[in-house]
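Let's start with one chain on its own, the form predicted alone, as C-alpha cells.
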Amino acid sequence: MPDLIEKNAPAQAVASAEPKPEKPRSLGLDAWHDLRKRPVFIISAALIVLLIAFAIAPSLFTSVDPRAGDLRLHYLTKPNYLHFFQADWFGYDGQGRSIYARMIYGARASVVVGICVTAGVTVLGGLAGMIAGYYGGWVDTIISRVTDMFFGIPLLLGALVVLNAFTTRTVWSVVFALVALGWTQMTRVMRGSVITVKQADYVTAARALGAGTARIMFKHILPNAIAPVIVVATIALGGYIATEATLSFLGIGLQDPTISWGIDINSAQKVIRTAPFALFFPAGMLSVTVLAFIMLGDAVRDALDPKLR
C-alpha cells in the first residue's frame, strides 16, 4: 500500500499543478483587456482625463482670472516660455487677457458641449433606432423617413439657423441645436445593429419563453447591439467639439462672457501676422482635443470588433 501511494503521488502533483481554465469573459471585459495593451488608447485616454480635469477644476492649473484684461499687457507682449503655468506663459490676447488661462478655462465649454451632445444624440437616436429595428413594418418606415429628412440637413448649416432664433446663446442652447439635428447617425447605426441581433437564437428563445417586449429589447437586444453605437459616439464626440468651436468662431455659437476656444480663434485672426501665438495655442488645443477623441474611438472600435484584431 505505501508503494501504491508513492506511485500515485507524482500524478496527483501534476494534476494539482495544472492551471485552472479561465472563466469566459464578456465582450466588455474582453475589450478592456485588449484596450489596456494599446498605446493609442493609453495616450488618448490620458489626454482626455487631463481635459476633463481642466474642465472640472481649472483653478488647479492656473490662478489667473481668464476674463481679467489689462491693456498694458496685450498681444505685442511676447510670451515668456520659461514662466511655466504663469499668466504670460503663452502671452496675452488683444484685450490683455492671459491666453494660457483662457486655454485652460475654455476646455470646460468644449467638454460640456461634447459630452452632453453625445449623450443626447445617443439616447435619442439609439431609442429611435431600436424601436425601428425591433418592430419593423410601418413603424420602421415612418422613423426611417423622418430620419432621412433630418439627415438631409447639414449639421453646421442647420445649427446656424436654429441658434439664430436664440437671443442669448449659451452652452445649453448650442447643445439643444446639435442634439436636435445630430441624432440621425445614431438612429441608423442602432437600427442596423438591432435588425442583426433580433434574429439571434437567444432572442427567439426569450420570446418563446414568454419574455415581454421591454425585457427582450433592454435585456437581450440592447447589450448586444450597443457596441457599434459606442464606437460611433466616441468618434463623433470630437466632431461635436469641433462644431461648437466653428459656430463660436463664426459668431453664432457661444458668446462672451463664456470662454470658448472658437471665440479666441476668432479674436486672434485679426492679429495673426503680428502675434501668431494668439491663434496657435487655442487652435492647437482644439486640434489635440478632437484628435484625442478620434484616437480613442479608433481604439475602441478595434477592441470591440473581433474582425479587426
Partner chain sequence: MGHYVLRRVLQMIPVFLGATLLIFLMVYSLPGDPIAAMFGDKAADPATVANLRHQYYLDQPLWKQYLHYMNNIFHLDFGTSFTGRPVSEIMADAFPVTIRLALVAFFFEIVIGLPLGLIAGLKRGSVADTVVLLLTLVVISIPVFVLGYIAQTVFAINLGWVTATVQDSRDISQLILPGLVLASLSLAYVARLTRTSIGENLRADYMRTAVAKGLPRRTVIGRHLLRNSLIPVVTFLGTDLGALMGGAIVTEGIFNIAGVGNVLYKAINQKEGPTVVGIVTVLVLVYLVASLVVDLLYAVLDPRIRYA
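Positions refer to the first chain, counted from 1. Everything numeric in this text was worked out from a predicted model, so none of it was measured.
Below, we refer to the form predicted together with the partner chain, which is not included among the displayed structures.
Check 151, 158 and 298: does every one of them have a heavy atom within 4.5 Å of the partner chain in the predicted bound form?
-> Per the other structure, all of 151, 158 and 298 touch the partner chain.
Exactly one stretch in 162-170, 194-202, 210-218, 125-133 has heavy atoms within 4.5 Å of the partner chain in the predicted bound form; which is it?
-> Among the listed stretches, the partner-contacting one is 162-170.
Position in contact with the partner chain when the complex is considered in the predicted bound form, options 60, 46, 272, 56, heavy atoms within 4.5 Å | Contact residue from the list: 272.
Does at least one non-hydrogen atom of residue 51 fall within 4.5 angstroms of the partner chain in the predicted bound form?
-> Answer no; every heavy atom of residue 51 is more than 4.5 Å from the partner chain in the predicted bound form.
Taking heavy atoms and a 4.5 Å cut-off, does residue 249 contact the partner chain in the predicted bound form?
-> Taking the distances in the predicted bound form, the answer for residue 249 is yes, it comes within 4.5 Å of the partner chain.
Quick one: is residue 265 in contact with the partner chain in the predicted bound form, heavy atoms, 4.5 Å cut-off?
-> Yes.
With heavy atoms only and a cut-off of 4.5 Å, decide whether residue 245 touches the partner chain in the predicted bound form.
-> Residue 245: contacts the partner chain in the predicted bound form.
Listed by sequence position, which residues of 182-219 have a non-hydrogen atom within 4.5 angstroms of the partner chain in the predicted bound form?
-> Stretch hits: a single one, 188.
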